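Considered here are two forms of the same protein chain, supplied as structure tokens in two stand-alone entries, structure 1 and structure 2.
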Structure 1
């Protein structure tokens, strides 16, 4: 199966400009492709994985990926997919975000010198020095406002009550110019992105055609949505981030393990780098005994290893086995040490006997307030080890597990490990 057919079979192709030309071009030899990521936060989240892995698939098939960090476009903000104007980030925040995101963009791709070497680029490098007049003459001249306001992302904003600023209106020109620059400077002939980027991407192919007289190509992948149609990658606690400091490898893995059956097939096909036949076999097996969650576990392990490394993935799996598998009160100190390193943790004061859990749970971020802890206690939702705590929330020294760890559990799936400072 060739690359394009594989992408299609995985449900990763939403639209392409000229599929025959793309097919032929891919068969002809290595192609340069790029996907842009704007530094709107200091970490990417799981929603960005589709795009990152999209590039990885091309690289594995022998092509050259150019992950682009939007140092320039991030200053403007993409008008697409939102009903209101963005608040502009200040330059310190932007610089910080950019640095963090660059590191993440590099993680899933191969940067070793060679024919399919990845190259990280930043559109600020070729945008910052351009003057307003140059831009208007070299880029703006090639677009009519008529076409620009016809694009979905712009039209929906024009029709919204808040309107759209001139700044955000210009976004697509910047992105078009990026494509043109990469085409000329690096021979990047293909731009990929999520389906909501279609308008911006095609603006680039048009600019290349008008100004250079060359054909550039475009391909988009569907936006990933949850089963209820809401935005992918959001949980109760917010987004699931790729940065281990924001979302621990354990939490990251749990996100996938807890995916529901309805969407796991879509997720596995779109995200896993395993051959499609193997994925289909796994999904068939999963359908036989969904309660075993083998598809969820397989995808969770694969993605955690890709994003956080094999060791972190193994530890996250071991921690989950203790917390959801057997009896944590029987786990030995070595295993609990792994749990303690993976699950959110909180420092214990000297003495446990008679200590109330309130501050521990609030401190760990599991509960927002003392009142909430009281409510949880009243609902019998808090445990230490296996013991359901009384309404007073008092702990006993007998609640300590092997190695002096205190395992607090809120509800069925949230855990906090209490550790004495200086140990484990």
Structure 2
């Protein structure tokens, strides 16, 4: 299956300027393409993975990706998908965000020298020095206000109660000029992006046609949506970030594991780099026993390894096994550190011998009183590591796990974790 057919089969093609021309150009030889990412936060989120992996698919097929970090456009912010004006970032915040985003853009593509080498670009490099008069003369004169108002992202804002400022109104022209510059400087003939970027992207093809007399191409992919049909965004509540400091590899993996059955097929086709025939076979197997979450686990492992590395993915999977009833004595210190970050913690004294479990469980809030702990012990419902505690609740040195961790479990899935100082 050729690249464009594969993208279509995966549901990754929403619009193209000229499908036949794009097919012919891809067949002719390597093409340069770009997708832009604005640093309006200090991390990308899972919704951006579609675009990042879109570029990776092109690179694996022998083409040249140019991921763009929007050092200039990030100062304004795209009005699309928003009902009101963005808060403009100060220069220090923007610079910080830009550096963090650059690292994330570099993680999923191959930047090693070669014919298909990825090239990271920043639109501040060719925009910052341009004067307003130059921009109006070289870019603005090629667009009518009528054209710009007709774009969905602009029209919806004009019709809203908040309106749109001239600053955000000009975003389309800046993005169009990015495409023009990359076409001239790097031979980038194709711009890709999410479907809500269509108006901005075709503005770039129009600018190239008018200023350079050349044909440029455009393709968009559908937005990846949550199970309730809403977009993934950068709002503080519920975002799943690509930065491990914001969303841990364990939490990142669990997001995919917990994905609804109604969207896992869409997610797997859009995001997995495995051959489509293998994905369809996996989804068919999943449909036979959805409670096993085979498709969710496979995608979770693949994406966690891509975003955070193979070791982090393996540790996250092992931590999940422990937290969902697996044997903690088989886990190493790195895995138990992840478990400790996800479970209630308790401070431990210097020695374990003679220590009773009662105060630890009550102190961590998983038991309300000493009498409740006594009842749990009598019911054989408390474990230290993998050992069922006796009625006296006394702990032993043998209960310590790798790295000096003590893992207490009430019932099947309520945990308390502590670490003895100086151990491990």
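This is a predicted model, so every value here is computed, not measured. Basically, rigid core = biggest C-alpha set you can superpose within 1.5 Å across the two forms. Positions refer to the first chain, counted from 1.
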Form selected (criterion: the form predicted in complex with the RNA): 1
Shift of residue 378 between structures 1 and 2 at or above 2 Å (CA, core fit): yes
Large Cα move at residue 14 between structures 1 and 2, threshold 2 Å, rigid core: no
Residue 339 C-alpha moves between structures 1 and 2 by 2 Å or more, core aligned: yes
Distance moved by the residue 350 C-alpha between structures 1 and 2 (core-aligned, Å): 7.0
